[in-house]
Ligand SMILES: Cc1cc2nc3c(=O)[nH]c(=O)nc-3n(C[C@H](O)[C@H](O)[C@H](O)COP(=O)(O)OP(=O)(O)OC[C@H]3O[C@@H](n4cnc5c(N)ncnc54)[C@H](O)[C@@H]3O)c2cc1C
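Okay, so here's just one chain, in structure tokens, the form predicted alone.
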């Protein structure tokens, strides 16, 4: 049994946790945020709540479909069957499909909290700035140089720029590889309204203007409180307006939302604007995860495999399996994967 540290409590890190804990290892999970879930984060404000990042889970592979079924049986997720529309050419039209969508209940972070049950410990609001390998163990330090932990093996599931910063002095080639993986931003506006809007759509794929996605968050199972909406800008528009004043971004997104539904005015009771600096990989690598030969280390994330929650899950699972194999071998030297 080994002591293992996982940096990042998003889907990739939690998927690695499942593999490692199932093999009997003691896994400590660290995240710089105050909660878990990464881009499956939620926001609560004045009696309203929103899934502010990933909006739903869907399966493209039999393995992930099986995993979703297990999570549903555990009560961590439930099906969501929204009325879906598409907005393009200034026209809102129905866009039904046969996709099975799932959401965490009563919020997306219910899934990450469930997955964390297999961790030996979870340490939120902890920013690890330095990792080094000395005397056959990983040493983790904070910004001020405080020693936080040591571990036999390490999983890094941070965005590529943050992963590169951690690896710069320990595995420079791996850090360089991470720096070559750009990420796209996403502005997200969350609003709650006094009166339910007289619109039939629960979700809209937007194909013009500033927006990319709209969802009536309160239409998801297990939600309570006032009617709430998630308004996500497109990644292209977000990149163009990455450094724009927040007030201007908020106004433009709200105007675009009203334009989609042809609303003259709405009575907002609560709102929150969030910028995801690392929302989605601009492209993905050609490896399921990254590792350095001779070190008990794995780097994972959707940017390694596929830009989706499923991609993050698959990358983290493979990273966990790799370390399980590594730790089980006498030499601990497996083929380098970069």
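If you're wondering where the values come from, they're calculated on a predicted model, not measured in any experiment. Numbering follows the first chain given and starts at 1.
The protein also exists as the form predicted in complex with the named molecule; that form is not presented, and the subsequent description refers to it.
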Exercise: residue 39 in contact with the named molecule in the predicted complex, heavy atom 4.5 Å: yes
Exercise: residue 179 in contact with the named molecule in the predicted complex, heavy atom 4.5 Å: no
is_contact(residue 112, the named molecule) in the predicted complex, heavy atom dist at most 4.5 Å: no
Non-hydrogen atom contact residue 270 with the named molecule in the predicted complex at 4.5 angstroms: no
Option touching the named molecule, based on a heavy atom within 4.5 Å in the predicted complex, out of 147, 132, 246, 127: 127
Heavy atom within 4.5 Å of the named molecule in the predicted complex - residue from 292, 68, 287, 280: 280
Non-hydrogen atom within 4.5 Å of the named molecule in the predicted complex for each of 157, 309 and 312: yes
Listed range touching the named molecule, judged in the predicted complex by heavy atoms within 4.5 Å, from 87-95, 68-76, 185-193, 256-264: 185-193
Contacts with the named molecule in the predicted complex - residues in 27-55 whose heavy atoms fall within 4.5 Å: 30, 31, 32, 33, 37, 38, 39, 40, 52, 53, 54, 55
